[in-house]
Each structure stands twice: as structure tokens, then as C-alpha cells.
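First, one chain by itself in C-alpha cells, the form predicted on its own.
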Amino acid sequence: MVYHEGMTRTVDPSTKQMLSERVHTRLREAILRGEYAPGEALKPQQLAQQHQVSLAVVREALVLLVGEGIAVRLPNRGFAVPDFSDRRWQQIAEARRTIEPVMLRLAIERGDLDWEARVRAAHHRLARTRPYAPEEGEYYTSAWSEAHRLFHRTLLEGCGNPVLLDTFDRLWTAGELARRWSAQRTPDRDGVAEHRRLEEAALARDADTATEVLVQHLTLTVAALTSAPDQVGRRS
């Protein structure tokens, strides 16, 4: 049964939260898999019927997605998937280019042998993880996404500053959709070589080269959203 606003049925708050989290997870996965096009509307009524929940549950899930940067709230127009041209991608990239090179320099200065070992292990995992799988849609796999996140975070963990790491975590989550679009729009980009150069420079304690590689890496990701064609073809 589909519940609509205005119905008298009372839903326990804990049940509503559980339902919202479930819808949030399913919508998040669907958007990240490319099942919704950039700029596509996320219609609460339609989603409530699809997931067999109330409008209140759907709206709560959509608000969570907005907080993660996976959806946007448009004035007087409801919710939608962000578009390629959303200025927020450029703002996130600017913030990362400002903060992460500082963190990387601190990590290179402060990181110990255990940090070096973790960086090597994280890079090995990333290099050995398959980036694409037909069953996971047109964008890269969740396994590769997590390996990618762990590599970048492990590089920066040597800075030893939890406040900076919390900032990294928030920015990473907010930029996940842009990263997936960028990777799909630039299939010839040699990300493997970029990550290898980043690992090598960091472990060689060459802060100047490492930060230069990192800034270029971050710049190329967001540049793909404005330099590539407006429409992205489906992966075969």
C-alpha cells in the first residue's frame, strides 16, 4: 500500500527513519549508477509510489541526498539530480585544491613507516580493483570507488590532523557524483599513471612534485565536466 500525505495512519518515528534511510540508500545507489540523468527531476510523488512509502519518507530521504551533494533542491521546483554545469563542482574542486596540498605536505613531513606501508597497500588495492562492471551500471564500480577513496584518504592521513581529515571526508562525499561523471566522460584518461605518480612522489618525500601531481589530478577531474560534450554516451 502507498501512503500519501493527509492520510491518518500514524508511523512510528523509528520506523519512518528506517524507511527514509532505506529509500535514501536505494536512490543514492541508483543515481551513482547512472540510472538518473544529470538534471533529471526527482519527483517525490512518483518515488513514493515506486518505493511504497509516504511522501514524508521520500522527502526526508531526498534531503539527505541534498546534504551529500547527490541531489539538489530547486526553488519552487522540487528536487533533481545536479547538472554538469552546477557551479558547486567548481567550488568543491577549488576547496580541495586549496586544502589537500597542505594536508599532503604535512603528511609527507609527519608520516612514519606505518603510513608509508598503508599508502603502498592502498595503492596496490586501487591498482588491482576493476573499475567497471556491466552489472553496476555505466559508471565505475562501488568497489573501485571505495578503493579510490581509501587511497586518497590514506595519503593524507599522515598529516595527523583529524579536523582536516573530517573536511576531506565531507568534500569527498560531496564530489562523488562529479567524479563518476568525469571518469565516464574521459575514458582515455590515464588515472592509473596519475595515482602511481602520486604514490611515488609522496613516498619519495618529494612534497613539491606530489602536490603538483595532486593539483593536476583534481583539476582534470572537474575540467571534464565543462570540456566534454553535453551528452554522455552509454558504456557498452
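Here the structure is a predicted model, which means the values were calculated and not measured. What we label the rigid core is the largest C-alpha set whose atoms superpose within 1.5 Å from one form to the other. Residue numbers here begin at 1 and follow the sequence given.
Omitted here: the form predicted together with another copy of the chain. The next part is about that form.
- The three marked residues, 70, 117 and 173, fail to reach another copy of the chain in the model of the complex, with no heavy atom of any inside 4.5 Å.
- In summary, among the residues 124, 110, 153, 130, the only one with a non-hydrogen atom within 4.5 Å of another copy of the chain in the model of the complex is 110.
- By the criterion of a heavy atom within 4.5 Å, residue 161 is counted among the residues contacting another copy of the chain in the model of the complex.
- Another copy of the chain is not shown here, but in the model of the complex it comes within 4.5 Å of a heavy atom of residue 102.
- In the model of the complex, none of the heavy atoms of residue 80 sits within 4.5 Å of a heavy atom of another copy of the chain.
- The shortest heavy atom separation between residue 178 and another copy of the chain in the model of the complex exceeds 4.5 Å.
- For another copy of the chain in the model of the complex, the listed stretch (200-208, 44-52, 28-36, 59-67) containing residues with heavy atoms inside 4.5 Å is 59-67.
- When two forms of a protein are overlaid on their rigid core, residues whose CA moves 2 Å or more are considered shifted, and residue 68 is one of them between this form and the one not shown.
- Relative to the superposed core, residue 79 undergoes a Cα shift of 2 Å or more between this form and the one not shown.
- For residue 217, a C-alpha deviation below 2 angstroms is recorded between this form and the one not shown after rigid-core alignment.
- Put simply, residue 60 and residue 88 spread apart in the model of the complex: their C-alpha atoms are 3 Å or more farther than in the form shown.
- In the model of the complex, the Cα positions of residue 84 and residue 166 lie at least 3 Å nearer to each other than in the form displayed.
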